[in-house]
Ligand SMILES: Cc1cc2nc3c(=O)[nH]c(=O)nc-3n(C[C@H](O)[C@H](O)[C@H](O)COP(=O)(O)OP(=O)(O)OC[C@H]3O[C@@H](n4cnc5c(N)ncnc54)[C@H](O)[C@@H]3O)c2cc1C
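The chain below stands alone, shown as structure tokens; this is the form predicted on its own.
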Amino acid sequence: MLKNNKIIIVGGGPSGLFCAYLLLKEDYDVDLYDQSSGLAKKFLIAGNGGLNLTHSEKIDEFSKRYTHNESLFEDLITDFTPGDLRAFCLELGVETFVGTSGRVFPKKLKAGEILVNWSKELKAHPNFNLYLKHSLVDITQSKELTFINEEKTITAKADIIIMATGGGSWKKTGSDGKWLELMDKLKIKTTALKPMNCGFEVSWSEILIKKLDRAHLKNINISFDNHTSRGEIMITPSGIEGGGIYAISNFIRDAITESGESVTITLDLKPDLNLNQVKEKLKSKKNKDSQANHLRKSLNLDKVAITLLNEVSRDITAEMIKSLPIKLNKTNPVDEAISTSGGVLFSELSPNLESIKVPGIYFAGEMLDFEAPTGGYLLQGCFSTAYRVVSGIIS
């Protein structure tokens, strides 16, 4: 594509910012619009607890995290790998390291500091223009866009449009999913947004709610159907959240949706011990010990685990410790999810993620119809789709 053609990016999250970075390196003119008052707000919030950039798994294993889009993402992540993402971070002055879990994190800088470095790189380029507080309200087949900025209507015309507006969760960060109506107008097919990496509602007793408000249970196995995740969960007054449940939340969500009923997951509170080993440790109870003290001493179970066990039954057995049933009623609301599934169908797009019906409009990031767990997979997917879009534009 000629470099004097106008490129407009809608959305200032990781996908949109990375598209801008790559295009500016090739000396294209780039205008970036975002409806928020600042860039990458969801990226900043998600990075508060430790910014997990990607994962060090081999690509064939990595791609399995994208379930029904496995083969597509194997191709995308082969083009722009976790190693490439780490190299990009280094260009921004951000050194990374691989943790014991295989996840990749920044060595020193926090999400906000990374974003400052990233923004400086973009704003220093003479071909870059940034327009904040611009909400997209219309887009036409001829690639004319209409924005609202502080009650003023602004129009812009582009030769190329990159849509990178995010999904439909955490509306306060700007990801409100309103773009679905605009896609419908363009006759670009989408599928409804659904919560992904989400928590679930549980009907806890009042006793448990008083004891375990926002309490964490670490290093357990969470199982549903044939799916198992190892990690951490958090007990909330309304249910459970956390990385351990997020990793298999799509399978649980779909089962609840299809059946219209609650489903039961199981928790293995001592995943490093087999059932017989747990039974042997339970036999060692001394008469003077209460059940809670015995569980603490023999199996190193904490207050959170013991309270959960008592929620199910006062007669705690080895079988319960290895397979504690928890009934999940429904997903938490979409806006409370870490991310969303659904969006623009890949069948509507070329291999370079360009609209077949409206050539010149490309899509990147979470507004595409894919789902990936946290742990670096979701963010890698956003970067790899952005890389594919830019590759298609500059080729």
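Quick note: we count residues from 1 along the sequence shown, nothing fancier. Being a predicted model, the structure only gives us computed values, none of them experimental.
Keep in mind that the form predicted together with the ligand is missing from the display, and what follows is about it.
Q: Please determine, with the chain shown alone, which of 205-213, 236-244, 297-305, 170-178 has non-hydrogen atoms within 4.5 Å of the ligand in the predicted complex.
A: Looking at the partner contacts, the answer comes out as 170-178.
Q: Tell me, which of Ser223, Ser135, Thr96, Ser119 has a heavy atom within 4.5 angstroms of the ligand in the predicted complex?
A: It is Ser135 that has a heavy atom within 4.5 Å of the partner.
Q: Would you kindly say which of Thr331, Ser341, Asn52, Ser63 lies with a heavy atom within 4.5 Å of the ligand in the predicted complex?
A: Looking at the other structure, the residue within range turns out to be Asn52.
Q: For Ile356, is any heavy atom within 4.5 Å of the ligand in the predicted complex, or not?
A: The answer is no: Ile356 has no heavy atom within 4.5 Å of the ligand.
Q: Would Thr165 show up as a contact with the ligand in the predicted complex if we use heavy atoms at 4.5 Å?
A: Yes, Thr165 sits close enough to the ligand in the predicted complex that at least one of its heavy atoms falls within 4.5 Å.
Q: Can you work out whether Ala20 and the ligand are in contact in the predicted complex, taking contact to mean some heavy atom pair no more than 4.5 Å apart?
A: Residue-level check for Ala20: no, no contact with the ligand.
Q: May I ask you to state whether Tyr377 is within 4.5 Å of the ligand in the predicted complex, using heavy atom distances?
A: It does: once the ligand is placed as it appears in the predicted complex, Tyr377 has a heavy atom within 4.5 Å of it.
Q: Can you tell me which residues in 8-33 come within 4.5 angstroms of the ligand in the predicted complex, by heavy atoms?
A: Those in contact are Val10, Gly11, Gly12, Gly13, Pro14, Ser15, Gly16, Tyr33.
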